[in-house]
Ligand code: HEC
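One chain comes next, on its own, written out as structure tokens in the form predicted on its own.
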Amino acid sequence: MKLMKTMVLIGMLALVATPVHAKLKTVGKGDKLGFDPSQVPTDMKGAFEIMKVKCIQCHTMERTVIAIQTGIAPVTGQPFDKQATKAYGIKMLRKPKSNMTREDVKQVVNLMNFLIDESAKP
């Protein structure tokens, strides 16, 4: 009977849909983890540079990489999707320490959305 309950539980867990994200190319490890610049399109290189310089003023790039790779924000545990990138962009715009303009935020949000799309590819 216990074995049957275990089998049913395993079967139910297998049916639970969880987001599966392809692994984006990264460089470094730990708090030095970042995205491989070779996967960033030429027209987004400027946004990539903004992200590398300004986003790490308050947190490591590792946090962003993990959020995009897993689809889960590491600190809050909330979904990290295109809706979340917009919300985080607005939040960062309001933080004086971020030193980001509206255009900076727009470019970085677009880049993160691109990376989210890339991570979702099989």
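Note that the structure is a prediction, hence the values are computed from the model and not measured. A residue's number is simply how far along the shown sequence it sits, counting from 1.
The following text describes the form predicted in complex with the ligand, which does not appear among the structures shown.
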message: Test of understanding: in the predicted complex, would Q83 fall inside 4.5 Å of the ligand by heavy atoms?
response: no
query: Counting only non-hydrogen atoms and a 4.5 angstroms cut-off, does K45 reach the ligand in the predicted complex?
result: no
query: Applying a 4.5 Å heavy atom distance criterion, does G30 contact the ligand in the predicted complex?
result: no
message: Even though the partner isn't displayed, in the predicted complex is Q39 close enough to the ligand, meaning a heavy atom within 4.5 Å?
response: no
- prompt: From first to last in sequence, which residues of 95-116 have any non-hydrogen atom within 4.5 angstroms of the ligand in the predicted complex?
  reply: K95, P96, K97, S98, M100, V108, M112
